[in-house]
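The chain that follows stands alone, in the form predicted alone, written as structure tokens.
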Amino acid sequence: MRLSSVSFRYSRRGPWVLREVGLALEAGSVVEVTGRNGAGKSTLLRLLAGIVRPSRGSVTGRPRVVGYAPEVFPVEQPFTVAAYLAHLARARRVSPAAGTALAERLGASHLLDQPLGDLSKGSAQKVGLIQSLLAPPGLLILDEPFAGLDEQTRAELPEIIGEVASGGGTVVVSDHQNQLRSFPGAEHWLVADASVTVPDAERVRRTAAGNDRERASRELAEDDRERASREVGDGERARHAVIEVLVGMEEADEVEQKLRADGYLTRRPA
């Protein structure tokens, strides 16, 4: 799946929410999208899901089955949870038993007879998650799925994400709590200033380059310690210093992005 020069704004003369975004998603990949409130994370997810169309550019290669769980589940519907899931199961041409099984897995069986309008935020989030998984998704889009969930479901959700990815599905999660920061193999996108960057990919590239330089320096030292300390480039001696900067978690991605933009190598503790 690919986004090519995608730009989006909500009105003809409104500000650009996203501008000239180019991204590729591989089958089986997991992506965590972060950024400040209002940066455009939810808009990016709706573009990926096909709910809105780009103002400019194109989105191609979207899988046939898309599961989408919005940040706020629309409970103003005249259904019980069971009736709602059964209706969607028929629309997606899967067995109604799929909804029942997912409800049991997520500890939501007791909600099945409740009207949607009576659900708490956390319970509504569970129903939104269940409906997005009724048919095995080729693309799963989850907008702030961890918000309001109980501890059991929060622990179960990464397992579900891993299962979708293992089956070849692509998973994109918007999450201000960074619950997937340590998820194995996950990409991490940062939405800021109407653009989307991939901080980890840049950090890997810079770290790899730093490792290459370090390895070359060791080889020089083994051959000739005198040569390893010689002046380089324009005659200035190569020097490096390590400076620790403590910032709030909510600012970490933005600060790191600015430092990288200025040419500095950044690393975060594992």
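Just so it is clear, the model here is predicted, and its values are computed rather than measured. Residues carry their position along the shown sequence, with the first being 1.
Although it is not shown, the form predicted in complex with a small molecule is what the next lines describe.
The partner is absent here; in the predicted bound form, the one residue of V66, V30, A39, L48 having a heavy atom within 4.5 Å of the small molecule is A39. In the predicted bound form, the small molecule lies farther than 4.5 Å from every heavy atom of V21. For T43, a non-hydrogen atom is located within 4.5 Å of the small molecule in the predicted bound form, even though that partner is not displayed. Although the partner is absent here, E71 sits close enough that one of its heavy atoms falls within 4.5 Å of the small molecule in the predicted bound form.
In the predicted bound form, the small molecule lies within 4.5 Å of some heavy atom of V17.
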